[in-house]
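Here's a solo chain for you in structure tokens, the form predicted alone.
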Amino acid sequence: MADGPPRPSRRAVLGAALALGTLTLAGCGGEGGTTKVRYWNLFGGGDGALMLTMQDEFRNNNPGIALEAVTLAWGAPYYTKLAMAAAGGRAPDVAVLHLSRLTGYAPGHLLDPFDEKLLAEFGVTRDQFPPGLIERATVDGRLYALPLDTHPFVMYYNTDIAQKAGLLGPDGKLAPISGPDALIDALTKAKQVTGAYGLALDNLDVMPWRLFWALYRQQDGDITLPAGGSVGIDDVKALKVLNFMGQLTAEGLATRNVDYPGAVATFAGGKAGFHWNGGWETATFTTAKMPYSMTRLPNIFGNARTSGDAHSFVLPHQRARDPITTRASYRFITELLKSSVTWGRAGHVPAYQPVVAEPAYLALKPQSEYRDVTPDVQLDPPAWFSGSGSDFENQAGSAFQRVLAGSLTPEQALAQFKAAVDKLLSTPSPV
């Protein structure tokens, strides 16, 4: 899957890595080429297999380039290794970075900016990507990341259960759900069919943060993270979300004290009509041969926004980039962007907009059903310690999961979250 459970903090892993000297790598190398391109990524599971397919296609099409692709463990181990390599001058030529992590890398001189004139020679320009993603990928006017996708928090639904519950429209798709009352009604009807739950929800790890952030941003809620200061958050909007989240489990509409695998299994086993997760579980449910489809997260609080992130290609800092290797690296990146219809099979929405319009991508069902979500995907608020797999998400998940468990009131959870973030804000960036 694209986004796994939380890992130890970057600082903790950095200390362990320094003590041990190295972290174990697992990967595959290309042979027979004249120019070597070293590439690091963090993809496992179904999307990891698709990335291997894309890498092999590139090798077949470019026999003059030896692609050395390495896959590292998702989360803190990956980001610590990448930062150490860039700081020490041993960086790969190309790497994958969650766009939400860019703030902790580009200002710290751990990444090199893209040469947009050279990109244009390979037929790729910034206007071929969603403006919101390009804005986040730009630091001081320079482009530091090329988004491969967006991977939004979406809603899966069992089509058989939804039909029995009277929730499908004439076209056989889920009828629109808007507002908290309509959602509660839909979950109640689904629960009446399953006899167990309406919604299969991962209550642990970081998923409670992703749900909170989606619903908070639906209200135009902002979080500011000033270095050395205190977190800025709208308490009224935050408590509105947390009370609603608590209602889902307190009323038995959603699973309680269930982890990620348990939530996936609950939905796959037909014990819930709905499941909220990233789009990367399509292979799981297709393999299970269950009747399902997917759609955007419902508009519950006013704006059709959702949480998510964007896997992006970056150029880890090197003291001196070889011009020939650089051109080969750009060729590799741009060819993968142009062939990202394959990547779309994993449930991710390709960021390179010409691909989104291709008939081959539009034919992917249900993956292409929510392709219009990209402008509404909300990345984590920027800070050196935020983003996918970060200390920030771990602290948020730890506080908000206790609302779903019923062990903290929304007020207590919000206070815990704010105290934890203030502590992060008082800690200088390690880079």
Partner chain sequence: MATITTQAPAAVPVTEARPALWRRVPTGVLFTLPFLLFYAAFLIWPTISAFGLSFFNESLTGTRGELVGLRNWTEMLGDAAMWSALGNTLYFTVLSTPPLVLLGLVMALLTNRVMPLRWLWRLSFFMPFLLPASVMSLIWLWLYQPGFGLLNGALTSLGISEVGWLSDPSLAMISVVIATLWWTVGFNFLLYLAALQQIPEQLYEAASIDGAGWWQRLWSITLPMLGRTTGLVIVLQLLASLRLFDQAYLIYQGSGGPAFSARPVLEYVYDTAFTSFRFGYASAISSFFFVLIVVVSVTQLKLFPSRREDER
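Keep in mind that this is a model prediction, so the values were computed, not measured. Residue numbers count along the first chain shown, from 1.
We do not show the form predicted together with the partner chain, though everything after this point is about it.
Novice: From the candidate stretches 120 to 128, 347 to 355, 301 to 309, 197 to 205, select the single one in contact with the partner chain in the predicted complex, where contact means a heavy atom within 4.5 Å.
Specialist: Going by heavy atoms within 4.5 Å, the stretch is 197 to 205.
Novice: Tell me whether G104, N394 and Q401, taken together, all sit within 4.5 Å of the partner chain in the predicted complex, counting heavy atoms only.
Specialist: Result yes, every residue of the spot touches the partner chain.
Novice: With a cut-off of 4.5 Å between heavy atoms, is T80 one of the residues that contacts the partner chain in the predicted complex?
Specialist: Heavy-atom contact with the partner chain at 4.5 Å: present for T80.
Novice: Under a 4.5 Å heavy atom criterion, is R90 part of the interface with the partner chain in the predicted complex?
Specialist: Residue-level check for R90: no, no contact with the partner chain.
Novice: Can any non-hydrogen atom of Y39 be found within 4.5 angstroms of the partner chain in the predicted complex?
Specialist: So Y39 does not count as contacting the partner chain.
Novice: Test of understanding: in the predicted complex, would T286 fall inside 4.5 Å of the partner chain by heavy atoms?
Specialist: T286 lies outside the contact set for the partner chain.
Novice: Within 4.5 Å, heavy atoms only, which of S178, T224, N257, Q247 is in contact with the partner chain in the predicted complex?
Specialist: Checked against the cut-off, the match is N257.
Novice: Go through G262, G269, P291, G229 and name the one with a heavy atom inside 4.5 Å of the partner chain in the predicted complex.
Specialist: Selected option: G262.
Novice: Residue by residue through 169 to 189, tell me which have a non-hydrogen atom within 4.5 angstroms of the partner chain in the predicted complex.
Specialist: Not one residue comes within 4.5 Å of the partner.
Novice: Looking in the predicted complex, decide if the C-alpha atoms of F114 and P107 are closer or farther than in the form shown; they differ by 3 Å or more.
Specialist: Closer together, which means the C-alphas of F114 and P107 are at least 3 Å nearer in the predicted complex.
Novice: Taking the shown form as the reference, report whether the CA atoms of F417 and G108 lie closer or farther apart in the predicted complex; the distance changes by 3 angstroms or more.
Specialist: Compared with the shown chain, F417-G108 is farther in the predicted complex.
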